[in-house]
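Just one chain follows, in the form predicted on its own, and it is written as structure tokens.
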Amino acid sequence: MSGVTAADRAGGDLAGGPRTTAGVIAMGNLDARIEGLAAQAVPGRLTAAGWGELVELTALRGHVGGRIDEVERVAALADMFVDRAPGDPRPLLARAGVAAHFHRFAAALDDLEAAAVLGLDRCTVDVERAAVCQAVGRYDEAHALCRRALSRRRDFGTVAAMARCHADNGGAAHEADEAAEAETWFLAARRAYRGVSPFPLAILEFQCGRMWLVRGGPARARTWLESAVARLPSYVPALGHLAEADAAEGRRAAAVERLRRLVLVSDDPEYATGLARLLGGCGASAEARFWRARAAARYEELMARHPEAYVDHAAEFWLTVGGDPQRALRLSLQNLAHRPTPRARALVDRARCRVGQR
């Protein structure tokens, strides 16, 4: 339709979506539930189901708040959960999720297989395995697993998994068609949602917004990300990507203001990196150097503890504001060996160009 942009159409699709609990109330409830479960854990009164919920909710709070230290605590909780319920598949599922988060993919697959042997339903196993396959560039295998999960159960979880599968398909021959297909699945997952918690929907909307940013559609990304933030105003990764959309659309001051707020609440160096880049580009050199140094120190810490998970982010940092393209090339090659995806190859190509190898 003449005069109607893609972002307009996305906004129309998102208008009148599922109503969910106010984000501030939901975050308060999340904090209270975690505190209650943790209090039961100290004297040893927590059930296996309670341990599973504690791991799941703590990981959720870490993601929403952009707190890497909280996700690291989840790893310790997940190990304790496995020790306390060795015959239960749920601890293994929880630990597989943590391992995948930190890109320890072989460990994640081992735990998923062990959970399947203990009786975890195959649909859940397929969805989780699909996510790991996507992360390492095995897109055909991920797609087949998602199709099989959908044939067993068609609900929010399986439809959302198919949406993510299309969104992350870096090997698609026609990327624009693949993005449109992914958005169709994201919208279908949204319609399939039957709960009132804002967390699953906000995360879904964030994932679609991130896809459009990666594929060069900042206006369409903004529509999805703003919907996520409307549900959860303190959703740090969504706010961070909104800053990226701001910068891509030339709203540098708005992007800087967003990032200045995020670096105060998050320990993820991604935001300090973005802030240093933007400030350096507008002449605020002293402040840019401060945030660059902060990001560099944090990447050193994270690479020492979780090299697989942060090697690509660290390579991007040293390739740009970090100012060490040789180091970026070494890290990008390390990343490509671990995750042979098109995005990893593109990072290697950029690093080689910077050091004059192409």
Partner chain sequence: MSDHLSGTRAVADPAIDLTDLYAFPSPSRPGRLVLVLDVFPSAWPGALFSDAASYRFRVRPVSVPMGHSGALFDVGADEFALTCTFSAPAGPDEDGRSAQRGTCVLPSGASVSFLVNDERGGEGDDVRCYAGLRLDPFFMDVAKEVETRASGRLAFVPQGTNPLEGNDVLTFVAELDAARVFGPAAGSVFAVAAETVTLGPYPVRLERLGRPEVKNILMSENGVDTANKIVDLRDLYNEEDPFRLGPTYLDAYRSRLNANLGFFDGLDGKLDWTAQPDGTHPLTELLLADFLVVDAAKPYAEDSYFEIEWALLEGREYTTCGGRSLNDDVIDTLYTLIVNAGHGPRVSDGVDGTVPALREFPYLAPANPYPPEQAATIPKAPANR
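Residue numbers count along the first chain shown, from 1. What you are looking at is a predicted structure, and each value in this text was computed from that prediction instead of being measured.
The discussion below concerns the form predicted in complex with its partner chain, not included here.
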Non-hydrogen atom within 4.5 angstroms of its partner chain in the model of the complex for each of R138, A248 and R260: no
Contact label in the model of the complex: R305 to its partner chain, heavy atom within 4.5 Å: yes
Proximity of A48 to its partner chain in the model of the complex, heavy atoms at 4.5 Å: no
Non-hydrogen atom contact A38 with its partner chain in the model of the complex at 4.5 angstroms: yes
Partner proximity in the model of the complex: R73 to its partner chain, non-hydrogen atom cutoff 4.5 Å: yes
Answer range among 271 to 279, 161 to 169, 189 to 197, 103 to 111 for contact with its partner chain, defined in the model of the complex as heavy atoms within 4.5 Å: 189 to 197
Residue among A284, A180, A219, M80 with a heavy atom within 4.5 Å of its partner chain in the model of the complex: M80
Stretch 306 to 345 - residues with a heavy atom within 4.5 Å of its partner chain in the model of the complex: none
